[in-house]
Structure formats: structure tokens, C-alpha cells
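We begin with a single chain expressed as C-alpha cells, specifically the form predicted on its own.
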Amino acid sequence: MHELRIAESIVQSVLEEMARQNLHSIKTIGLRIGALSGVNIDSLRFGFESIVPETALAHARLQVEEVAVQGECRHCGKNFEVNEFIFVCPHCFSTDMAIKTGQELDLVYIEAE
């Protein structure tokens, strides 16, 4: 399960930032995860919660913003949200599109107490 490895990477990054900023307690870790990232958010939360009890992040919680898939049609130039993973422009019905959002896996912020 690659979500556990992602959780380990998040924990390591936050612990490094805590040391760099001389922080003692983290309240919230904010993430942005795109629908196309391949990350199962429930599995990521489970992995995170299973590895933090013995760390300085024992009381931290993950705040996850899910990012929808947005595309730009290369044929007509219009932007649109991809619904139900149907990659067709709703304006001109072209399948030639560029993915603008939905692939994110970003650590956005750390909220300290």
C-alpha cells in the first residue's frame, strides 16, 4: 500500500520543518490531493494514524482538500471540470485536452499550537 509510504514521507517532512522552525506541537497538517493522484485518502489517513503515536505528531490531524479534475480543451480552448472521469469537452466534444488540476499531492500547510 503506497499510502503508508506517502504518510511516512509527510511525517518526515513535517518533523524536519518542526526542527527547522523550532515548533513543539502541530495541530493540523493540510494536504491537497487530486482525484487523479492515485491516493486513497482513507488509506492515507489510516497509515498516518498508525505511524504518528510515537512521534511529536501524535495529536496532529490531517486536513485534506480533494481537488477535482479540471481540463482545458485543445480544440476550442474552454476550461471544464471532468465529471465521472469522462475526458470529453462538454462544449465541442473533443477528446484532445490538457489536464490542469487533479494530479496534486501537496503538503500545503502546517498549523502549530
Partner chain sequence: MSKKIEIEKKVLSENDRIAAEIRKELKKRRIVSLNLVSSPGSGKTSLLEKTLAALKNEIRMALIAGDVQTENDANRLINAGGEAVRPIVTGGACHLDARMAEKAIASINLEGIELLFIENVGNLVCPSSYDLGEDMKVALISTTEGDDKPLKYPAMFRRASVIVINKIDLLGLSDFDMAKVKKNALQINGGLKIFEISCRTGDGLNEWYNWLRSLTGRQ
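Every value quoted in this text rests on a predicted model; they were computed, and no experiment measured them. Residue numbers count along the first chain shown, from 1.
This protein has a second form, the form predicted in complex with its partner chain, left out of what is shown; the following refers to that one.
Of the residues Ile51, Val67, Leu62, Val39, just one reaches its partner chain in the predicted complex with a heavy atom at 4.5 Å or closer; this is Val39. Each of Arg5, Leu23 and Lys27 comes within 4.5 Å of its partner chain in the predicted complex, counting any heavy atom. Remark: Arg32 counts among the residues lining its partner chain in the predicted complex, judged by a heavy atom distance of 4.5 Å or less. Though the partner is left out of this view, Ile99 does reach within 4.5 Å of its partner chain in the predicted complex, counting heavy atoms only. In the predicted complex, its partner chain lies within 4.5 angstroms of at least one heavy atom of each of the following residues of 91 to 113: Thr95, Met97, Ile99, Gln103, Leu105, Asp106, Leu107, Val108, Tyr109, Ile110, Glu111, Ala112, Glu113, in sequence order.
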